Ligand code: HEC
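Below sits a lone chain in structure tokens, taken as the form predicted on its own.
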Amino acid sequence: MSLLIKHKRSFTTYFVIIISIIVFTRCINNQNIKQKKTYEVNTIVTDTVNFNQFAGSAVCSKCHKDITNDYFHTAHFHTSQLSSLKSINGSFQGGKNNFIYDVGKVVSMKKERNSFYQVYYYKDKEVVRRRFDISVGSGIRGQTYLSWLDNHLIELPVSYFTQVHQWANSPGYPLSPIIFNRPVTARCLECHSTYAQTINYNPDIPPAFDGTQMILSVSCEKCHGPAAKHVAYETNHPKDSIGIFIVKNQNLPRQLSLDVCALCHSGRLQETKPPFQFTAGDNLSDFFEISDAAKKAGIMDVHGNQLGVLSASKCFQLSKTMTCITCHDPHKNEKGKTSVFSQRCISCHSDKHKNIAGVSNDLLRSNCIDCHMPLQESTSISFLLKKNAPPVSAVMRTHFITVYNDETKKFIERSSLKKKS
């Protein structure tokens, strides 16, 4: 009898332990679920990303009107659009619509009803014409134009260079011969659109695209992940304020947040998987590697590799939390607002700036940018404006944050001139 009681006690003890383990495991799992809901990475990842998983910015706007209304004015949103008189920055007026390559060799920009064309003339005879179908680039620095050729996209030879307000030879395009068959790669569209469905993708040949399954602009879903599932859930659960099946970038771990921007702002990347499979919340290294050419050249240009340049800065290296969205509000057009960016500098560098003779402390605090992130010429984006003339480089701010003595001197000089005037 005592033996039976002893076994019963042992069984009860084991039962209590097992129940405790189950309860503890459930608690841990519930905690993990709560953590997942902060950015919902795992719940939206699928084996293959496809067009049907996207909702479109117009749908996002129904619930996020204020945010999207701001976002629709940003360079990201305008980085690719269907070509129209509104989206093409260059002029089609006579005398302003030509790019002269050589004597007798001219490409003219023509408007015919509701279509627009680049037409190559040799000795006043039309040789070839291609339609403007897609305008690539916000126009802040310039635009390049794409044309459909069956299911392929080609880059047109003439671009628009905003810096000088005129038509120019497309970057990297030869002056001779004048060609209209330069293929557009999937990698180009990965940075200038949200999604483009490839047809029988083969990395060794120019890609074909399904134009009916393409989402132009770098839209909401480029940074928050495909949203069709999110929209379906929220439509059926309008009182749920958690916002699941969508990526919330502010809740991502630092590296994953950086990876969202690094897709297009970390220099040359070489795909290791088919295009458009990386989405927000993924590890970029699972889909790309830095190309050997970029490694050997150590490319750190102010255009295209902003993250690489930023990563070399002390501001970034000494911080455990700094990401791109620490300084940039991706939902707003803040171009040229040096005081706005300067306030974000001051949020970390709250100590008083050392005095500079002739410059007020208020001015120093309202413009950190000109001295510490000056404009520089790009080594990768330049335009030829005419034959035998040196190329003109696009100018943009460096993300290498440091003290630039020459720029500081210029800043002081400008400040002094303003005081006198």
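Since the structure is predicted, the reported quantities are computational estimates derived from the model, not experimental observations. When you see a residue number, it is the position in the sequence shown, counting from 1.
One more form of this protein should be noted, the form predicted in complex with heme C, which is absent from this view; the next part is about it.
Engineer: Spot the stretch among 332-340, 95-103, 116-124, 197-205 with residues whose non-hydrogen atoms come within 4.5 Å of heme C in the predicted bound form.
Structural biologist: Comparing against heme C in the predicted bound form, the contact stretch is 332-340.
Engineer: Can you work out whether heme C is within 4.5 angstroms of a heavy atom in all three of T68, H349 and C371 in the predicted bound form?
Structural biologist: Yes: each residue has a heavy atom within 4.5 Å of the partner.
Engineer: Quick check on K86: any heavy atom within 4.5 Å of heme C in the predicted bound form?
Structural biologist: No, K86 is distant from the partner.
Engineer: My question is simply whether Q250 lines the interface with heme C in the predicted bound form - judged by any non-hydrogen atom within 4.5 Å.
Structural biologist: Yes - in the predicted bound form, heavy atoms of Q250 and heme C come within 4.5 Å of each other.
Engineer: Since only the chain is shown here, I'm wondering whether H224 would be in contact with heme C in the predicted bound form (any heavy atom pair within 4.5 Å).
Structural biologist: Yes.
Engineer: Would you please decide whether N169 lies within 4.5 angstroms of heme C in the predicted bound form, comparing each non-hydrogen atom pair?
Structural biologist: No - in the predicted bound form, heavy atoms of N169 and heme C never come within 4.5 Å of each other.
Engineer: Just one of V260, M109, I215, I178 has a heavy atom within 4.5 Å of heme C in the predicted bound form. Which one?
Structural biologist: Contact check passes for V260.
Engineer: Going by heavy atom distances of 4.5 angstroms or less, which of I242, V128, V164, L82 would be at the interface with heme C in the predicted bound form?
Structural biologist: For this set of options, the contacting one is I242.
Engineer: Within 189-205, which residues have a heavy atom closer than or equal to 4.5 Å from heme C in the predicted bound form?
Structural biologist: In sequence order, E190, C191, H192, S193 come within 4.5 Å of the partner.
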